[in-house]
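Only one chain is included here, represented as structure tokens and corresponding to the form predicted alone.
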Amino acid sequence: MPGPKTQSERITAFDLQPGRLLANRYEVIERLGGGWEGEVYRIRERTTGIERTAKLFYPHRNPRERAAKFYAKKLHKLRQCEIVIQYHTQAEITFRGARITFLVSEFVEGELLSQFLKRQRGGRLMPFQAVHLLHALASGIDCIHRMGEYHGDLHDENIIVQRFGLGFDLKLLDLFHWGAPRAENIRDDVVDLIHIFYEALGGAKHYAAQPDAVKQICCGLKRSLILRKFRSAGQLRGHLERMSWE
């Protein structure tokens, strides 16, 4: 019997090609991205033609299926939060002799916030647009917080912009899944929201010229000041709904 894979034999990439079948039920369309714990692919359900997303976990990042199970349960718990991608099912394949678990979720049309911002004039949003972005994010994260959960890794590479008009329709990727939620996790989410807002406005280069209403939200990016003013995403959301531009 061969022993377990050694450190040097660890799977660190799947590189699945278009047309590859997963569990004889899904066909790979394209790779969407990858990270510390695995890779994400756009797939098509063979029986219905419906496109979905598959997240494949590296075995050494998913010991005893802990990561996959925890992540699936977290998505299911947050299924009422519109900003969270909807989870469907779990399946597995064999890859280089190792059992690989993958989670199947809805496929979301849109583009990463980072790409969306690059397409804007000057690579940034005007203050009124940025406030709408922040309100959409704060509203979505508020729902997650009220469910007793958190995201844990908010940045412009894991936020999908589905539609943009008067406001933003957004979806979140890669909710951090380790450990029970703590107050510190909630605070980290709030600070991350402010940083996203700040960068969407153009960062340090344009901060001095921002209106006072914007600077009152950013609090100079000082964590202590941000958390003194906004102890939760709900408080941030409320501030945005009551703020004055005078």
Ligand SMILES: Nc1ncnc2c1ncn2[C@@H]1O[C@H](COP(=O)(O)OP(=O)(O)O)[C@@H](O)[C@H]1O
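Counting begins at 1, following the sequence as shown. Nothing here was measured: the structure is a model prediction, and the numbers come from that model.
Another form, the form predicted in complex with the ligand, is not on view; read the next lines as being about it.
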**Study point:** Partner-proximal stretch of 141-149, 73-81, 103-111, 120-128 relative to the ligand in the predicted complex, 4.5 angstroms, heavy atom
**Key:** 103-111
Study note, to complete from the structure: If we test each of 93, 136, 154, 160 for a heavy atom within 4.5 Å of the ligand in the predicted complex, the one that passes is 160
Exercise for review: Note which of 219, 40, 28, 186 lies within 4.5 Å of the ligand in the predicted complex, where distance is taken over heavy atoms; exactly one does.
Suggested key: 40
Review point. Heavy atom to heavy atom, is residue 62 within 4.5 Å of the ligand in the predicted complex?
Key: no
Exercise for review: Determine whether any heavy atom of residue 170 comes within 4.5 Å of a heavy atom of the ligand in the predicted complex, and answer yes or no.
Suggested key: no
Check your understanding: Is there a heavy atom of residue 35 no more than 4.5 Å from a heavy atom of the ligand in the predicted complex?
Key -> yes
Check your understanding: Mind listing which residues of 61-87 have a heavy atom within 4.5 Å of the ligand in the predicted complex?
Key -> 85
